[in-house]
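Presented below, as structure tokens, is a lone chain in the form predicted alone.
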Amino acid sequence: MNYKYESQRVAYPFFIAAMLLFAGQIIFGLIIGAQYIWPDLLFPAIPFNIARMIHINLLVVWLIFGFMGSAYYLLPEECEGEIYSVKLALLQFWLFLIGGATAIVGYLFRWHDGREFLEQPTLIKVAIVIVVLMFIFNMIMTLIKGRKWTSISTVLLIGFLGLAVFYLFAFFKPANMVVDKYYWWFVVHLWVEGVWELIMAALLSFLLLKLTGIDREVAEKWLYVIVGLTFLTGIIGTGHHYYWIGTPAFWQTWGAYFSAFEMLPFAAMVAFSFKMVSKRTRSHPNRAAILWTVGASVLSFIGAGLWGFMHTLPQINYYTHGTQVTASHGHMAFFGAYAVIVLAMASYAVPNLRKLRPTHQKAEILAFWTMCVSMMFITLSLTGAGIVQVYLQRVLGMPYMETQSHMVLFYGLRLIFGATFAIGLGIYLYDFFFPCKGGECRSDA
């Protein structure tokens, strides 16, 4: 199947940029994984804090590229009309790419704000806001211009509007550290445990519609349930970050209850995916895209749901916050919930944009299993390291650096499985950039 609307082709450069930046993120992930074992590696050129900063910022940038590319592919089919302005989309693409690259390179020269996860200098932050506003304007005008306005496009728009609104708190830097952290989580938490979940749910619904042929009304009912659960649990669930930063004690109760319920939207996604696949009315040839789509719901439930719940209650979080247990949750949650759904959209959309038949997909399916199994073992390795760290440092009171020396085995395992993950990504990227050599052939349709 090929693309239906000419303007959908504007999604292609967004997917290319996302894949290249994803590769960069994993390179820096391997660097910091090695620095846990050999702390002086690449010092002073790329110290650990700078490598970690780049690793995390590349993650955010490539995911947003993937979200935007997915939206530009999805919107014409949902609203049955062309993108409002392809030129604006391309201008936005280049501005975002140049701004993102400038920020990443700037980190190597210590040009950053210093606030964790929001290290972008003010000038880059302003550029990001402009780019996102350009995208949202193009998105709204496309929907107004189109023939219809679906639930999927509405949820997607709400997700991107939330992304823009909550990022504005990155400019708010009060002198009081408690107040600063209180609003800092408005970006960090309400992005990844709020509005990004809406974007993921919209992409998941679109893919299941296209890959299974299910009735749209059924998909929309499930989407409403997921969105409702996300709003109900994700917003007040911010409280699990307020346990120990100087906020009122009632946040421990509110944060505990609503954080525990944050598993529900991800459980709904799993049920939604399997139910739709079991009731599919067509056998789509793109088996890899189906695998990535179902994998996104399952892995997000494991990483964001189970691993999040594992240390979200205050009685447990008292010991685990800021340890490698948090890192284990973060790795699987980001990969399962957001990286995999972007890879699923790319797996479905890019062959259509290239007018290729997804007939032989052994390489991509191998990449799926290699990356997913590797990430599962990375998560388990970090969990093991976290358990050792909690017991020695938080229970016995052993000094931090001495504790780290007892965690080297787990750091070594994490590095090994990081390398196998990189191999899986390499297979995926080879198949992405050289698809016909990987077994696909050009469609005559």
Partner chain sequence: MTKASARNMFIGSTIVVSAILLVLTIKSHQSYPVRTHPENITAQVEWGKKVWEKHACIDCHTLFGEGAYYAPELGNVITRRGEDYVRTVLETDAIQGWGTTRKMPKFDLSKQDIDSLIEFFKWMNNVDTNNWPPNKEG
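Positions refer to the first chain, counted from 1. Quantities reported herein were computed from a predicted structural model and do not represent experimental measurements.
FYI, the form predicted together with its partner chain isn't displayed, but the following is about it.
**Message:** Can you tell me if L207 lies within 4.5 angstroms of its partner chain in the predicted complex, counting non-hydrogen atoms only?
**Reply:** Because no heavy atom of L207 falls inside 4.5 Å of its partner chain in the predicted complex, the answer is no.
**Request:** Could you confirm whether A344 comes within 4.5 Å of its partner chain in the predicted complex, counting heavy atoms only?
**Result:** Although its partner chain is absent here, A344 would stay clear of it in the predicted complex, with no heavy atoms inside 4.5 Å.
**Message:** How about D215 - does it come within 4.5 Å of its partner chain in the predicted complex, if we only consider non-hydrogen atoms?
**Reply:** So D215 does not count as contacting its partner chain.
**Proximity of E262 to its partner chain in the predicted complex, heavy atoms at 4.5 Å** = No, E262 is distant from the partner.
**Request:** Work out which of Y84, Y167, F334, W254 lies within 4.5 Å of its partner chain in the predicted complex, going by heavy atoms.
**Result:** The residue in contact is W254.
**Request:** Could you tell me which one of E119, E78, E193, E364 places a heavy atom within 4.5 Å of its partner chain in the predicted complex?
**Result:** It is E119 that has a heavy atom within 4.5 Å of the partner.
**Prompt:** Where, among 63 to 71, 372 to 380, 416 to 424, 32 to 40, do residues come within 4.5 Å of its partner chain in the predicted complex by heavy atom distance?
**Reply:** Going by heavy atoms within 4.5 Å, the stretch is 32 to 40.
**Message:** Using a 4.5 Å cut-off on any heavy atom, which residues of 204 to 224 would contact its partner chain in the predicted complex?
**Reply:** Read in sequence order, the residues that approach its partner chain (within 4.5 Å, in the predicted complex) are E217, E220, K221, Y224.
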